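Just the one chain here, laid out as structure tokens, in the form predicted alone.
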Amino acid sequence: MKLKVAITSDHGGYVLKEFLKDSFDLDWVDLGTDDAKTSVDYPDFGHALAETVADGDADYGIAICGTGIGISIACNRHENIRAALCMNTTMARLTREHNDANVLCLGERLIGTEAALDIVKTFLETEFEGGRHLRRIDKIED
């Protein structure tokens, strides 16, 4: 069964969003935006993605803006969302192993497409370790 992954971006992340959708055979839930030319507000898209993941309508989320910073902040405003901005595969692996992150945030203007492919692959394939890390996540969720 394919992973169901919600994906979203503002105009600054649109090109990377479309590239990732074309690069992975997943059950995508595309929450917009629909072009790179029309200026939109990243919080609107981050909130929609966070709600989709928190409601269980997707296994994971990928949120993209120009830097990944703004959209990660918006996503993390939601209960049961652990959104992580990752710039490399080590960050992607560790945020899944230690933080059980359920939303990956990327900055289109800061990473190349090859790095993005590796980061997404690592994020989606890495399991949460549990154990001592679960105690820490419980403290975040309180």
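Every value quoted in this text rests on a predicted model; they were computed, and no experiment measured them. Sequential numbering from 1, following the sequence displayed.
We do not show the form predicted together with a small molecule, though everything after this point is about it.
With the small molecule omitted here, the record of contacts in the predicted complex names 6 to 14 of 20 to 28, 116 to 124, 129 to 137, 6 to 14, defined by a heavy atom within 4.5 Å. Although the partner is absent here, F45 sits far enough away that none of its heavy atoms falls within 4.5 Å of the small molecule in the predicted complex. At least one heavy atom of C65 is located within 4.5 Å of the small molecule in the predicted complex. None of the heavy atoms of L94 is located within 4.5 Å of the small molecule in the predicted complex. Contact annotation for I69: at least one heavy atom lies within 4.5 Å of the small molecule in the predicted complex.
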